[in-house]
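Form predicted on its own, single chain, as structure tokens, below.
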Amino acid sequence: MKIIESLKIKEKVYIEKLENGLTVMIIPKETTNKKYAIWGTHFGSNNNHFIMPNTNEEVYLPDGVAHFLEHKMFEQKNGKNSLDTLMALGVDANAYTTNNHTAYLFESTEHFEEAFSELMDYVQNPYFTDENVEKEKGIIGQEIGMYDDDPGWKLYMNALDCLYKNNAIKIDIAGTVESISKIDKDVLYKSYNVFYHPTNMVMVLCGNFNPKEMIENIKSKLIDKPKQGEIKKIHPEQNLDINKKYKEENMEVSKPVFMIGFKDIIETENIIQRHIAIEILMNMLIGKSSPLYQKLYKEGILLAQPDLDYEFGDDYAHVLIGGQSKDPEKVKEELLEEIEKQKQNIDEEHFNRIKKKVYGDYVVEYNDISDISRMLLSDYFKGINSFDYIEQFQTVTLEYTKQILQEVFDEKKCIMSVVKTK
């Protein structure tokens, strides 16, 4: 068993790759009575084009298969729904699908063993029929309709459409009503058998666990599966060309909402330092303590602190800055002016102050059992050790951050999505 330790935050992760290929990560926390389990597969909405392991067959999946599978996994052959079973035990259970992975999880203070057995049972035993697949299409179709009517989701999807010409990330995770109509039980079983193989999955457990005992517990509940080769996922080629500069929608909102984006390219060798530098820069440019935010807020142009995010995966990377404003175009204009000012003369004192603030935000994440578990899972699928954010933090210098400011925050790669009142 491999042990990764961060002395700075006094945390250890015990990692073991089992014989069947499943990676297990355990974070012992003796001071909490809560226990958290999350089991994920490296299969998300972007993974709709791949080469089958063992047969080398090229496969195109309809949009929305990963999300559809997530919905169907709880339904069991005996007629029960595993989510209902878990809730009846008094545990907080859920599942979610992202662009690059799907995860099943629960948190408990009691009945952990019963809940864990249920988790391992339903994730390993899919049950799809013509009837239950058809029924699910109606449910997911309604969900797609609800998201289409949600201003925040429309704002986000329009921003992605502006950023990317040819990338699965610009398609709704749930797919479209048309795309899910092409999903049947054979598509689901084929996708499950490829992507829900232990070699493509990670389990993370956080709480008062004995790592060796927990590993044996997991082994006793695993179903034998035939060996499988590598899944070759096919992604569009990365480039910095944006699709369009601006997209506007009219919906039922009290005040206009906006999202400003900057397209980036994944740099796998130094992605952690790049991520840290971008977080520092977003906070310096328009975070709560920035001069620009204070100015726009006092003038009534920005109505609240904007959301700041850097998203990246196997084939995409971008900065997103979103908020509510009576004049979104003015916010973008002022932000671009601020970026140019900072490029000419970045304030070292401000940089050091924001750097400390971002470091503090990171440390807080490691204290919560759900945050650290989900972080470890997500980062693992990106090829990242989550502790490196803490360990490498001080390597992000002012000079390096200036370089990232020049590279990433470029007006040529800038887009804006706006939703205005009808």
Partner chain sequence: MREEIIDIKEGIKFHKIQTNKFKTNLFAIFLNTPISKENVTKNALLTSVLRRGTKELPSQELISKTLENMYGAGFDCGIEKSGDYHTIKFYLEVINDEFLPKKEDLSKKALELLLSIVFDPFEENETFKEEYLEQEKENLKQIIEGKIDNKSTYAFERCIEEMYKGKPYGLYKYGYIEDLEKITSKELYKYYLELIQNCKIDIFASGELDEKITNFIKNDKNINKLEARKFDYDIEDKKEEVKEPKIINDSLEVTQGKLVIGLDVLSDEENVSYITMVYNTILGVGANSKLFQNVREKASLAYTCGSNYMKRKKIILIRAGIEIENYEKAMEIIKEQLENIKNGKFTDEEIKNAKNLIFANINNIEEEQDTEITYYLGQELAKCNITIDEYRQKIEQVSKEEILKIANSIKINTIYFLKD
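Residue numbers count along the first chain shown, from 1. Since we're looking at a predicted model, the values are computed, not measured.
One more form of this protein should be noted, the form predicted together with its partner chain, which is absent from this view; the next part is about it.
Residue contact check for V363: one or more of its heavy atoms lie within 4.5 Å of its partner chain in the predicted complex. Proximity of H111 to its partner chain in the predicted complex falls within the 4.5 Å heavy atom cutoff. Taking the partner from the other structure, its partner chain in the predicted complex has a heavy atom within 4.5 Å of a heavy atom of K8. Residue contact check for Y359: one or more of its heavy atoms lie within 4.5 Å of its partner chain in the predicted complex. Shown without its partner, this chain lists E237, E340, D84, E269 as candidates; in the predicted complex, only D84 has a non-hydrogen atom within 4.5 angstroms of its partner chain. The listed set Q392, T32, N385, T397 contains one residue whose heavy atoms approach its partner chain in the predicted complex to within 4.5 Å, identified as T32. Checking 179-187, 69-77, 219-227, 84-92 against its partner chain in the predicted complex, the stretch whose residues place heavy atoms within 4.5 Å of it is 84-92.
Contacts with its partner chain in the predicted complex, taken as any heavy atom within 4.5 Å, map within 279-312 to K288, S289, Q294, Y297.
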